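Here are two versions of the same chain, shown separately as structure tokens and labelled structure 1 and structure 2.
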Structure 1
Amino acid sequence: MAASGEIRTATMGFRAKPNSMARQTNIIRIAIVLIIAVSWEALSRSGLVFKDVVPSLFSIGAAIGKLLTLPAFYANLQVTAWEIFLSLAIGSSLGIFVGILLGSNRFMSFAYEHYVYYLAPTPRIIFFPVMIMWFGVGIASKIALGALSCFFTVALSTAGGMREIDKVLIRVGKSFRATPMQMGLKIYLPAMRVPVLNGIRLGFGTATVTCLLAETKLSNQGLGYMIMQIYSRFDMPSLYGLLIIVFVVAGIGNLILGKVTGTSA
């Protein structure tokens, strides 16, 4: 019994995780969350820390309930979602385009790719003042900044994916005299699907971070703006509540994107 189970695990491990392991992970996950929740509540009630810094879980729960009934919350959510969506669309398109240029052209990659590498890890928020000057304080400057951050991630993973294409597949296409258009659509694109989609998924993460961050700096709408507003009122339960909501929404967004692109975490 045990031996046959092990063989199954060994041969199928690549495709499907064994059930018992998934169950174990879930138990550990729930346990950790419970421990944190109980410690938090204990700390809150102990009176050891300032009550407002560690509010009771029940007050946070109540604040979440209240936030979810506010029309303003949905208006801000919509603004932020729209910003992230456009950032992702613009940043990914440009990123794929530039990534293909860098990946396919030895001269281009020699001349420019190291700049992309240098710029990629710089915090995008430092470009925010520039974006405000170019695009104003409205959502356009957040979209531009989000697109910029998404662009680097997608461009680098596309360029990498382009170079890792099995060269013989390109020779196959050429031997069948595929046109450049056919080479692009039927060989390069499908061959790069996985790295490009992974790049887009990572790009979603960076775009989300950047848009929210930019909203907290200077804006008059969006979830980041709402967080700062609540913070300025020192309404700690609502602040924690909103953070939890943002966390969950971003998680759901990532999950949906993962499903759509067929790349799982």
Structure 2
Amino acid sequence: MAASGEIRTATMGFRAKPNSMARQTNIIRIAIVLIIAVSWEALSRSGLVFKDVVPSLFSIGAAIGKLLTLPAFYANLQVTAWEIFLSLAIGSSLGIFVGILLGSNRFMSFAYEHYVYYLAPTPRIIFFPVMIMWFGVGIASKIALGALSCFFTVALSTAGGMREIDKVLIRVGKSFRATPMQMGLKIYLPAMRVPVLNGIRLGFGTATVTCLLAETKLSNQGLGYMIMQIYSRFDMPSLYGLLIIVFVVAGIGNLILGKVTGTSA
């Protein structure tokens, strides 16, 4: 009985520590946001910079409220969301396929994987002119560029996860004479679920950045295009407001993806 009581006490203490750590983390996050907000407002009112360059938080808040009532905002949001979704779907699918191929075949890994590593850090935007020539100036070129950006992250994460799979599982699959498709669906993907899903979440971030950047370069729709239109009018409160909205929307998308994949922190 005494031993059981000690184990129960230790278990309760173990559960209390993560809860306490979560509260401390939330307090620190809120404190950081408040410090940034107070510092921004103080800088805006100090007169050290032009008022239009660092507008008041109140004017930014009013601009956000105005943006959220504009039909054009939701139309552009829909375009960008569609681009990011298709980029993630295409890039992740190709990345998983190539990652499995590189991770499971020593010859393919030795022959081609170093090219993937060399190209992965390359800024994707330099391929944008090529994508325009191949797919035109519409959303297809943005989707292609976003898929390319997502591909490298997922492929490298998947290839790394393949090498961590227990060899016993692979031998069991081969002993049952599983086809390559069955090996991929029944053995490889379940065994490397975490690295693949983490790669997809990282791919979502890179696809989002790439699509928005491509929209700022050549587009007549999307949030990136809307940002440049506001900047051309030098409407700084609306510009900062739209940037905040984009940040929040991207954060919500990442949170939802984490919940769906079960990899949220």
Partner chain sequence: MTEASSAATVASATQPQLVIDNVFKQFGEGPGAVIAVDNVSFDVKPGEFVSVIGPSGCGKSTLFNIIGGLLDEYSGNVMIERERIAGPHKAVGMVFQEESTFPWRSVMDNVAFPLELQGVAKSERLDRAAHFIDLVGLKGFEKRMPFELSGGMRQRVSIARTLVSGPQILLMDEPFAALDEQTRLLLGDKITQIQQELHQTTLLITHNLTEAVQLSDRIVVMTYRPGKVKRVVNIDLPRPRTSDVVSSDAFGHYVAEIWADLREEASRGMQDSENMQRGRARRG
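This structure is a prediction, so every number in the text was calculated from the model and none was measured. Numbers follow structure 1, counted from its first residue as 1. By rigid core we mean the largest C-alpha set that fits within 1.5 Å across both forms.
With each form of the chain shown alone, which structure should be assigned as the form predicted on its own?
Structure 2 is the one predicted on its own.
Quick check on V130: with the core superposed, does its CA move 2 angstroms or more between the two structures?
Comparing the forms between the two structures, which are aligned on their rigid core, V130 does not shift its C-alpha by 2 Å or more.
How about L185 - superposed on the rigid core, does its CA move between the two structures by 2 Å or more?
Yes, because once the rigid core is superposed, the C-alpha of L185 moves 2 Å or more between the two structures.
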